[in-house]
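Single chain ahead, written as structure tokens, the form predicted on its own.
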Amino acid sequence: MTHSIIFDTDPGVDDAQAIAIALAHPEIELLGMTTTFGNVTIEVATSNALLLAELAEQRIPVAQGAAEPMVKKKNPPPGHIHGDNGLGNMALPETTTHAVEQSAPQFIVEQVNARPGEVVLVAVGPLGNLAAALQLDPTLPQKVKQVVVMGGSIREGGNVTPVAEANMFNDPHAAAKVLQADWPLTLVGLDATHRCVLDPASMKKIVAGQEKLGRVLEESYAFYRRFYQKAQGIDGCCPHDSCALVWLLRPDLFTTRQGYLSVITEGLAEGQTLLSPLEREFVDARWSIGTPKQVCLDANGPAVIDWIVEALTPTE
């Protein structure tokens, strides 16, 4: 089965790992990449997406999107996590290709309308592009095959605040619109991605199986690994964004629950993601806005890592 996807991204070390999978996997047809601010500025995100496709020797449309949040003040990019250039501050070659003229929301709307019922939106950054696409075409939810969002945290706690995951925190108003829209959506958040650790031995296998992309994956991983060693005391990194693609192709590796999603948009808890389980009733209907979504609450971490390594290690 082939999945036709648009990959919405803010590359980003773990984004680069996921993009490598999307470019290489035989069951993924990558229709294009749309870029957003988040791990880096929008200009750097677009340049990185173009470069990664070039290094894989593929011509993939890249559409530039959201440069800042819908409402809140923009937070500075986390250079201490991904590097100022998003790829561990390594020296990068100049890109030779350019983004398409369409904006990211326009690209999403056009692609979905050209192939109704076929396109999967995989979003691994702040959700401004998807929110804007919904504004451009309110009928989009009825025409998208699936939406997979890497973001949020239900039980795990946050990674940029005590309660908020980075993508939700960076643009909570956009996240609220996307998570409550009437489309089939799966949330792959920290509850699942923190169970997965891409260790140095696994990364070594991946690098050996790559060509030009291998150096970028290797050097950016080394930078990211040092952050994780200091911040969480683990030797490796959590391949957050790759987990969204793993769920798409191997959902059996995840434990999920159905329910209604909400995002806190203001105050001390801004960016916190809330799940109201489908089987429970609460006293206030505010917890049950939109349609039920699928939320990953756990993952078979070692099996996820094995799948990533296999996906990025070409067979003879």
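Note that residue numbering follows the sequence shown and begins at 1. As the structure is a computational prediction, the values presented were derived from the model and not from experiment.
Absent from the display: the form predicted in complex with a small molecule. The rest refers to it.
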206-214, 136-144, 160-168, 90-98: which one contacts the small molecule in the predicted bound form at 4.5 Å, heavy atom to heavy atom? 160-168
The listed residue (Leu190, Val120, Leu198, Ala176) that reaches within 4.5 Å of the small molecule in the predicted bound form by any heavy atom is Leu190
Among the candidate residues Leu245, Leu185, Ile108, Met150, which is the single one with a non-hydrogen atom no more than 4.5 Å from the small molecule in the predicted bound form? Met150
Please tell me whether any heavy atom belonging to Val124 falls inside 4.5 Å of a heavy atom of the small molecule, as the geometry stands in the predicted bound form. yes
Since only the chain is shown here, I'm wondering whether Asn39 would be in contact with the small molecule in the predicted bound form (any heavy atom pair within 4.5 Å). yes
